[in-house]
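There is one chain below, alone, in structure tokens, taken in the form predicted on its own.
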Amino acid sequence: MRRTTLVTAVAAASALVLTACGGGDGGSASGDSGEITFWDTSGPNESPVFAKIAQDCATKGGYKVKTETVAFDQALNNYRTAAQGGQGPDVFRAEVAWVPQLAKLGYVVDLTGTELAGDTSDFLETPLGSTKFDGKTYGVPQVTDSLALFYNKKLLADAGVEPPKTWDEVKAAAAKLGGEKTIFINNDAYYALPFIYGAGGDLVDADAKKIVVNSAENVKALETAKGLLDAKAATTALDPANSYNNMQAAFTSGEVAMVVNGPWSVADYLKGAAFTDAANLGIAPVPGETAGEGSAPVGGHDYTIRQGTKAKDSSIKFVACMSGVESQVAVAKELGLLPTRKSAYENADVKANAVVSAFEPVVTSAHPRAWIPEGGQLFDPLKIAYADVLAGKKDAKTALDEVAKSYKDTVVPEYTVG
């Protein structure tokens, strides 16, 4: 997932990308319009780079591309509304949880049998899994991400603290790191997953069609998070709507020593007073219940092609270019975002990127989520429950039982409650 409830709206912008030469084989002679509209759902730090790569792809491919930057938090609903009426972009940058939903609705092209679904051996297995639904391929991985522990190297070094490998080590470090200033816990559902996965839990078992969000493992996981607050070893925001922004401000200013976040946050951190020296930003795997057992969710984005596009051939060429090794290397070098192709990590410039290098083992071992059409709907009930637990409004068992009931009533009614 990447930040479905966290990313701020991006101001709409568009750029017409024209080919340097006319008459590519994606033109009207083959029944293909040769003109693509691409909805880019990335943020303001990222969209100029994707627009430039889109321009390069169009120049090389012999087609036209209009790149439109669409607010992330509105993109899915806008796409569904447009696609239902036979309108919308030809190519859509979809969050990984959206792909099975759009496939089930018939709003994206089945790419099985096209060159995009041919040799996929270079893609990392977990991000590739997000492109599948009912045994068919509906997307191509663009970027992947996960969550890691970000830490202020100077604050930890001055306190004589090593990056913690367990949540107990986080608690123990609090005496040296200023108590509640040790770590900021974002009370959003996605950020509950490292606690849940690290405890051996999950939200649903898609294979068994079972709801497991209220398992004993998950109760313990949320109690671990609340325990850090109770021990004055962490802080959080009581207002869930501002939790992410408060976390970012506290870490970039040096007010707190550690946070759990993804690679998309690095550009913002490096603008902060605490990280005017980029070398002060440390990245490590998220802690777990025991050392080496930390586990974080896989997120990211996939390229999809709208069902009914008049530029299918050109769109296939465009997606092949945008997801190719050269493009992924450029994205990693310029933005520090994580490639979905194994070979991109072998590039010398990519290896030299400290953020990508630090995240490579994290994404390689990231925990796959349930790639079901309802996957994106699992987070809203959990978000409410997690915030209530951290605020002390409800105990973990009661809160998670309510989530399980919500899943059964409104999200996956055909599942049994474990």
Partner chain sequence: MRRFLDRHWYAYAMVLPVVVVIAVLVLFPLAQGVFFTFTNINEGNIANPILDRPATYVSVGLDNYLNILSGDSSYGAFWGTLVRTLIWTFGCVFLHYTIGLGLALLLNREVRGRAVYRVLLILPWAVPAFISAFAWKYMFNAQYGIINQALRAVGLPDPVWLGQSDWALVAVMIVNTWLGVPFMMVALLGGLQSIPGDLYEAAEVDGASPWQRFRHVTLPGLQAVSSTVVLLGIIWTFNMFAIIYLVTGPNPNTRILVTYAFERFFSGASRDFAVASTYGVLILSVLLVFAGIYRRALRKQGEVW
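Since the structure is predicted, the reported quantities are computational estimates derived from the model, not experimental observations. Residue numbers count along the first chain shown, from 1.
Just so you know, the form predicted in complex with the partner chain exists too; it's not on screen, but the next bit is about it.
Shown alone here, Thr236 lies within 4.5 Å of the partner chain in the model of the complex, counting heavy atoms only. Shown alone here, Glu35 lies farther than 4.5 Å from the partner chain in the model of the complex, counting heavy atoms only. Contact check for Thr410: a non-hydrogen atom falls within 4.5 Å of the partner chain in the model of the complex.
Not displayed here, the partner chain is kept clear of Glu68 by more than 4.5 Å at the level of heavy atoms in the model of the complex. Contact with the partner chain, judged by heavy atoms within 4.5 Å in the model of the complex, is confined among 355-363, 38-46, 52-60, 373-381 to 373-381. Just one of Gly179, Gly118, Gly129, Gly106 comes within 4.5 Å of the partner chain in the model of the complex, counting any heavy atom, and that one is Gly106.
Contact with the partner chain in the model of the complex, judged by any heavy atom within 4.5 Å, is made by just one of Gln307, Ser215, Thr224, Asn347: Gln307. At a distance of at most 4.5 angstroms from the partner chain in the model of the complex, all three residues Asn77, Asn246 and Ser406 contribute at least one non-hydrogen atom.
Along 169-189, a single residue, Phe184, places a heavy atom within 4.5 Å of the partner chain in the model of the complex.
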